[in-house]
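In the structure tokens that follow, the same protein chain appears in two forms, which are kept apart as structure 1 and structure 2.
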Structure 1
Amino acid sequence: MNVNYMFSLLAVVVLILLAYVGVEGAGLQVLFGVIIPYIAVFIFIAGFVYRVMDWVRSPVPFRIPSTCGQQKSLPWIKENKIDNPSTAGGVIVRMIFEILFFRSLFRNTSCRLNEGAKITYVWEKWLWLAALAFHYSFLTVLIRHLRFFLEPVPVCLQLLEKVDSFFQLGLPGLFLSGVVLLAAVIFLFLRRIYIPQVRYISLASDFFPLFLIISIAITGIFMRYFTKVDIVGIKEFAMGLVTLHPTIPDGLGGLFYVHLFLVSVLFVYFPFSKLMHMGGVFLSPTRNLPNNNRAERHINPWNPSVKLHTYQEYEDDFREKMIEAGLPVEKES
């Protein structure tokens, strides 16, 4: 049994207790509210730029795109211009479908062994739906939180809030993005627990961000719908951070600092984890290159210069022995 999730869960619980006890018991509001968030943002930006630049500097001499369609070949053979693009335009279309709609995941299948040793392939639609819901709800939550850092709040953010909370259930209005985010990440966690093949290959580093995001979503939901934190105070606090004049308003409560600390941990963890696929997908040679190996010759720049020994030079060196052995030669002398 894979117990790696227990280590990740324990780590997140320790982080929660560390922040809560540090604020409520030791009065370290400045540490958890100002110093750690600033450090987290700096590490996030520096780590993100470092990882991206490291990928940019990596040479890719050959075209190695992952394909599942017919390559451009003879004129009468139909080319799959999206799954196996041979032009920059085809690559752009493929990347748009991949980034916005997770097209490769949409086409994902799983194989099952039925009675009589018969293999069947099943479309994995639930994973695609959960991944799509998770990423778009997460993006919506991040954009929606910008209202705390901007004054006045742009009209587009106000419109997003209205659309996100159109399903009115009491006061304050229910934000669907937060509920969908929590449900989607719980599904992704349960999938790693209940599917044997996925559970076998799952590491603690796979569970940790899931528990971290679950904790962030739960603390955010509790603050909005149950404990009812001071929104005006949070706005003042956020504006102080973004203007580099931090203040610590009274009455924010330990739960807010726990939420902020978990977000800071996620920011620090992000550039050094698998979550960096957000930036890596744009630089992946298996996605962002046209498959034009048949049309163009690609030379590896790493290969050193090698002096070739041509056949003419070979024959000049061994002509007499070749004639004695009865081997044909181009020149008799």
Structure 2
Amino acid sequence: MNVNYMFSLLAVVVLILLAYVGVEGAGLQVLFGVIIPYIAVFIFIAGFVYRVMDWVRSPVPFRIPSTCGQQKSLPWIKENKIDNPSTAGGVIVRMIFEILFFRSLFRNTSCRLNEGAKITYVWEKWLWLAALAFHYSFLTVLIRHLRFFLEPVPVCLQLLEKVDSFFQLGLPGLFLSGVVLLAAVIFLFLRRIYIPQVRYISLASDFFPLFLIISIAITGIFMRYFTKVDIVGIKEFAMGLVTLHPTIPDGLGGLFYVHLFLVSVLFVYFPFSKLMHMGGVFLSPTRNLPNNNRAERHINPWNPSVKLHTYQEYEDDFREKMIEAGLPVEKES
């Protein structure tokens, strides 16, 4: 039994019960439907901005990109402009590849020690695939939810929904993104359990967001396909929130508030946790700088003045020996 994931699982179960009992038992719709979501959004935005500003406050003293391709050197040697950019344009393309396609993760290999003292490295695409599937389906789900907050629903959103529900399996149409999200996040959880090294490094705080997102996905899927919540009521509720005239329509049900509460918890958890990798990936100095340090000087704002052992001191130390060895000196004695 792994304490780390049991603890996180327990924490999420407690959160679910809290919201369910709070609404169904104690009638705290206003707390879970209005006050907590508002606070969560505020903490998310303020926290996110604060964290990014805090990073930006620290300077980048040295230009230290990890160079993953041929440098720009002699004109007849072909440089790799993306994996080892020498210009701002190259950096932008490199960052697009990192952020949109997870370029570095795509390189992932898995190392095996084999019989006969042979080591092999196999391309390991599953983490990359699952990570892409997870992030893009999550993004799609998030964008889809904007239809609750916008009136009229923009055409592009309607289009997205059409594409997303491409597989018509009865009514309502099945959203691919929800299914992929759940599958990917479960995969990410399982690899934390089954790959020994990953299990070893995983903390409770790594499992917690996984359980949280799994629960958010499951409650969402449940509401849409099984309990068939009152969509009109939810739209009215969501519009109330965004127009700052919150209302609590009747009959939204405990499950809806659980879903909303878990999302609120995710928002609050976000800026304090590793989920900030979303902002950090843009600022990573090993990726977002060109490798042109020998061509253009990079300035370190706190470049320290240091004690040196000058040539004069050196010559003073060794003058006689230098003269004897026939080395030129600045001063003869």
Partner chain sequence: MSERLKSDEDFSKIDLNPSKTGWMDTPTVIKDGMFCFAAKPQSVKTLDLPYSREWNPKHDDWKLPENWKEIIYEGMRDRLDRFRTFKIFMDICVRCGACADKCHFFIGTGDPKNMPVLRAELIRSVYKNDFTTFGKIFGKLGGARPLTLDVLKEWWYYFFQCSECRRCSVFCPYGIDTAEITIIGRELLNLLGLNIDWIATPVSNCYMTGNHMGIQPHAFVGMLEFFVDDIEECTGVRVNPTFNKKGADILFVTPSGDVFGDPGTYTCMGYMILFHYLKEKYGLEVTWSTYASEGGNFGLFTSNEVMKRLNSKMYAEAKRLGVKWILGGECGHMWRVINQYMGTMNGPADFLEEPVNPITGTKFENAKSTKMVHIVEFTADLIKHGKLDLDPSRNDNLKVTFHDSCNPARGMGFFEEPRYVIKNVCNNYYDMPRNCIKEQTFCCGSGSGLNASEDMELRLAGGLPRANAVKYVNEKHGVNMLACICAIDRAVLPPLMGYWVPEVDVTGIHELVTNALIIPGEKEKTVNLRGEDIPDKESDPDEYYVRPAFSGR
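All residue numbers here refer to structure 1's sequence, counted from 1. If you superpose the two forms and keep the largest set of C-alpha atoms that fall within 1.5 Å, you have the rigid core. Please read these numbers as outputs of a predicted model, since none were measured by experiment.
Shown second, as structure 2, is the form predicted in complex with its partner chain. Once both forms are overlaid on the rigid core, the distance between the two CA positions of H277 between structures 1 and 2 is under 2 angstroms. After superposition on the rigid core, the Cα atom of I16 is displaced by less than 2 Å between structures 1 and 2.
Here N288 does not count as shifted, since its C-alpha moves by less than 2 Å between structures 1 and 2 after the core is aligned.
On core superposition, E313 has its C-alpha offset by 7.4 angstrom between structures 1 and 2.
Superposing the two forms on their core, we find that the Cα atom of E324 is displaced by 12.5 Å between structures 1 and 2.
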